[in-house]
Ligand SMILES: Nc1ncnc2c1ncn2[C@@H]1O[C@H](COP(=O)(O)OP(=O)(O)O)[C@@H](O)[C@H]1O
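Presented below, as structure tokens, is a lone chain in the form predicted on its own.
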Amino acid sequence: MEISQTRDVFTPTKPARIAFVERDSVNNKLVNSLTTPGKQIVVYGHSGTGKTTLLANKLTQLYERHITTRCMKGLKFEQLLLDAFDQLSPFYTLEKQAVIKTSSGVDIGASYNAIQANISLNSATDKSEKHTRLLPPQLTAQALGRFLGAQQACWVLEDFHKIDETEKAQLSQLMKVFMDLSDEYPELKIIALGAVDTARQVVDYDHEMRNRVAEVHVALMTEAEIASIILKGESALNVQFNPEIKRLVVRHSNGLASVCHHLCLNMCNAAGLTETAGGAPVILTQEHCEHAIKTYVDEASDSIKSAFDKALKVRRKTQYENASLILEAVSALAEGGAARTDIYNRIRRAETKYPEANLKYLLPKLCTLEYGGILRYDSNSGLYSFSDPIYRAYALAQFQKRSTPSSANSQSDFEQTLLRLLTAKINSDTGSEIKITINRITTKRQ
């Protein structure tokens, strides 16, 4: 039996390899786009749905080389070009003795080394001055395209939606340049990974790209696909999850592969399993599950609280506590999500005169990072739901005093455990805040 490390099987924070699940609904479109010369690609979907994992595995199968730039706010277009150029250095250093030429006879390797020398010269620093790396005139979009193309490599831009609006127009133009170079370099392309509905941003900035960009939507995983992750993990590690636990993890991963990986890894850690078990399969029990959920809550508590603080922040004084009313309503409805009409009707039970315009305005905002990203909207079903099952449990814990007994009774063991642990965490945090306040008052009086 092949020995695998537990951390390499269940991978909540990096692309899955061993527990990678093929997704036929997305695979064909992605593979067709990757193998079509000149086709630029935007892969988008909710965070945690497995975009990076899917792309990483397909690139391994289809490309010998690729480079990845991780985008962030404030990153300039020139910095993008420099980052890609820098990552190509190992390829050209290894092939220093070889002459890499284009069909027109241009020595690509010599051109690369000349630009690299120019950058190094302009980047020199001394003890009294700080210098910023400058983009040399020779490092144009066309030049970068040729350097990548000569290496038969593609360029992945992760989280490209974080780039400032002013830079995205240039990114769109860069895609057009790469497309034009595809006759000479068929493998050359940019693959942009972004959040929901970010594909249209590239097209909006350059209408010429409308039919030249493949928009690949990575939807939430189905319950069968989530179950396949667990099955692959069981096989690789020689473990068996209690059937009820498996069912609950599948159901409450809420379509997010990352949540499934996180809970399964925590359960293996609780059982002391660091690699494939020898002999009889290790049985993971309810006790391991509860320990895993507690770890999950402890690790996520600060980020959960931060997300809710953003959502519930009073930005302007209004008659209604809109965010609280909406989140309470969504938490009281079906865990799979609810339509806006259902959310409105639920709010009206407590606030009979609540204006629908308030809901129309704030509901989409609660799906944005500015408001904590607590909710998500599925354009296929038209339903709003919590973006992470732990957010729903936290909302239930926050609003449980106003919850009806029937809603509490309908909760699963998984939700009840989450609810109990989060309630204890909230009460603990509140108690700590009170103690800090009392200590400050006492200190001032002394």
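Worth saying up front: this structure is predicted, and the values here are computed from it rather than measured. Quick note: we count residues from 1 along the sequence shown, nothing fancier.
Just so it is clear, the following notes concern the form predicted together with the named molecule, a form of the same protein that is not shown.
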Whether Arg392 contacts the named molecule in the predicted bound form should be assessed with a 4.5 Å heavy atom distance threshold; does it?
no
I'd like to check something about Thr417: if you look in the predicted bound form, is any of its heavy atoms closer than or equal to 4.5 Å to a heavy atom of the named molecule?
no
Examine Leu265 and determine whether its closest non-hydrogen atom to the named molecule in the predicted bound form is within 4.5 angstroms.
no
is_contact(Thr52, the named molecule) in the predicted bound form, heavy atom dist at most 4.5 Å
yes
In the predicted bound form, the one of Val239, Val156, Met221, Ile374 near the named molecule [non-hydrogen atom within 4.5 angstroms]
Met221
29-37, 61-69, 384-392, 44-52: which one contacts the named molecule in the predicted bound form at 4.5 Å, heavy atom to heavy atom?
44-52
Which residues within 332-357 place at least one heavy atom within 4.5 Å of the named molecule in the predicted bound form?
none
